[in-house]
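Only one chain is given next, in structure tokens, and it is the form predicted on its own.
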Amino acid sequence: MTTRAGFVTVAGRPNAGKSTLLNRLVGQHLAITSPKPQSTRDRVVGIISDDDSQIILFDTPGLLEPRYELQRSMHGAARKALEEADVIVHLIDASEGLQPEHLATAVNGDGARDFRAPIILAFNKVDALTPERLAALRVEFPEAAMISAKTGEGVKFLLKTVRKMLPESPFLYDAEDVSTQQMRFFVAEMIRECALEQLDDEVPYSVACEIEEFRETGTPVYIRAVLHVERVSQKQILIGAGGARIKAIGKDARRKIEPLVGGPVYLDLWVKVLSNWRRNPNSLRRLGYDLPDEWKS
């Protein structure tokens, strides 16, 4: 039997719904979903296997003009995933009613460098469109996939289209795998997602999560995690009056982590100040974010 396997990168502007699509396709909550833009900071990997095909799916940070080191790391992660892809899904927020820009322009600014992989144009959030607007979009872009990652509409068609474009190849990973990333990565992301849900304004963008200890030998699983912020005032907000907010974040995070690890969890959650970490290359490396070569000093 001929099998197909390859790397598929989902790219688009912030709030296009890339993380919701990955979770929908994999059937598991792996990627942070948040109405706050730029919540995805590194590529998240999901694996979808059936009898004769395997898709290694990359959810990438939203494409934006980077203004400081963390955003440069995010932009570099998105660009690298696009360069490594066998197939690219260019996801557009259909509810914005905007013409899709050329993907190379979105990534490079001037469009000077294109990508080797075929590109599938997909309009997401079609459930928010009027029937008239959706019909017009289908006429204007007859080859595009019209989907709703939220409801699942059109997702099977998108998967079918992707599978046809995969190169012939044996499976690259075990058919039972759902990701290539370690449990620590997803636990840190779940904790950060809970912080995003409970914090407003600038504070969520100043939060990074570092797993200091992950002990699975006993029950419950012991996890010591640190939420880093950039200023003392942010630490006070994150902790809350009498520790109320950090307790609430911990409670919600345990609820998300326990299904992931398959059992009860003792989450030992701390808050520390790591001054100006979003703009400090050494701090970024410590937290697992890599700067592109052109931005390394």
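From a predicted model like this one, the values you see are computed outputs, not experimental measurements. Numbers for residues come from their place in the sequence shown, where the first is 1.
In what follows, reference is made to the form predicted in complex with a small molecule, a form of this protein that is not presented.
Interface residue among 224, 150, 184, 133, judged by heavy atoms within 4.5 Å of the small molecule in the model of the complex: 150. In terms of contact with the small molecule in the model of the complex, the residue from 255, 36, 231, 247 that brings a heavy atom within 4.5 Å is 36.
Contact with the small molecule in the model of the complex, judged as any non-hydrogen atom within 4.5 angstroms, is confined among 79 to 87, 135 to 143, 119 to 127, 161 to 169 to 119 to 127. Annotated contacts: 281, 283 and 288 are all free of the small molecule in the model of the complex [non-hydrogen atom within 4.5 angstroms]. Among heavy atoms of residue 32, some come within 4.5 Å of the small molecule in the model of the complex.
Proximity of residue 19 to the small molecule in the model of the complex: non-hydrogen atoms within 4.5 Å are present.
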